[in-house]
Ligand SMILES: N[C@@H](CCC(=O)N[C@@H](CS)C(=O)NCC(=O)O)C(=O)O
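One chain is shown next in C-alpha cells, namely the form predicted alone.
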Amino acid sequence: MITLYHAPNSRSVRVYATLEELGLQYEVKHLKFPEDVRSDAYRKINPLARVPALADGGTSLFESGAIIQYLLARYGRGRLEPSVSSEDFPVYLQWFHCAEATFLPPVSDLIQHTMVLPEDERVPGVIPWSQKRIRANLDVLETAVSGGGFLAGGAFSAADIMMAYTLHLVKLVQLFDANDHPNIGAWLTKIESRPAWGLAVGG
C-alpha cells in the first residue's frame, strides 16, 4: 500500500493529485504543521522534517518532484507525461522542474518573510525582490500557456500539476490577478476543475 504523508497547502498537494489522477490505491496520513512534521517520529520518515514523504512497500521517498517521477515510472503506464520520443517531452521536463526550481523559491521566500518567520527574523528587503521575481515569472508563464492548451502541448501532464501548486501559493499571497494574466487564469481554471486537484487542495 502506498502511504502519502500530507499537510494542507504543502507540496504534498502535488503528490496527492498525482496519486488520484493515476487512480492508485493509497492512504493519506494527515499531518499537523508544525508539530507533527517536526516530531521525532516523522523525522524517521523524512529527516528533513518537510512534507511530503511517501512510502511504497520498502521504498521511502521525499521531495515532491522525485516522488511524482517515481510514481509515473512505476505506475504511470505512459499517463501524465509525453513519450520520450515526443517533441513535447523536452518541454515537459523543462516545466516540470521549472515549477520547483525557478518559480517556487521567490514565492516561498515571500511567505517566509511575511507569514512564517518571527518578526525579528524577517528581512523586509526580501519582499519587493520576491514580488518582482514572481511577476516576471508569471509573464513568462502567460506566454507559455497562450495557446490555450497545457504546458507540454495539448495534454494535461504532471508538469501542470507541479506548476499549478506554485500558482496555488501565488494566489495565497494575493499576487495573481487573472485580468493581468488571462491565459494563466484559463489554464488554472481547467486544472482546478479536475476532481483530483479539488481533492488534493481540500484534503
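Numbering starts at 1 and runs along the sequence shown. Everything numeric in this text was worked out from a predicted model, so none of it was measured.
Beyond what is shown, the protein has a form predicted in complex with this ligand; the following relates to that form.
Contact annotation for residue 170: none of its heavy atoms lies within 4.5 Å of this ligand in the model of the complex.
In the model of the complex, residue 88 stays away from this ligand, with no heavy atom inside 4.5 Å. In the model of the complex, this ligand sits within 4.5 Å of a heavy atom belonging to residue 38. This ligand is not shown here, and in the model of the complex it never comes within 4.5 Å of any heavy atom of residue 81.
When this ligand is considered in the model of the complex, only one residue from 178, 55, 49, 175 comes within 4.5 Å through any heavy atom, namely 49. Considering this ligand in the model of the complex, the lone stretch of 22-30, 56-64, 130-138, 149-157 in range is 56-64 [heavy atom distance within 4.5 Å]. Taking this ligand as positioned in the model of the complex, the residues of 1-26 that bring a heavy atom within 4.5 Å of it are, in sequence order, 10, 11, 14.
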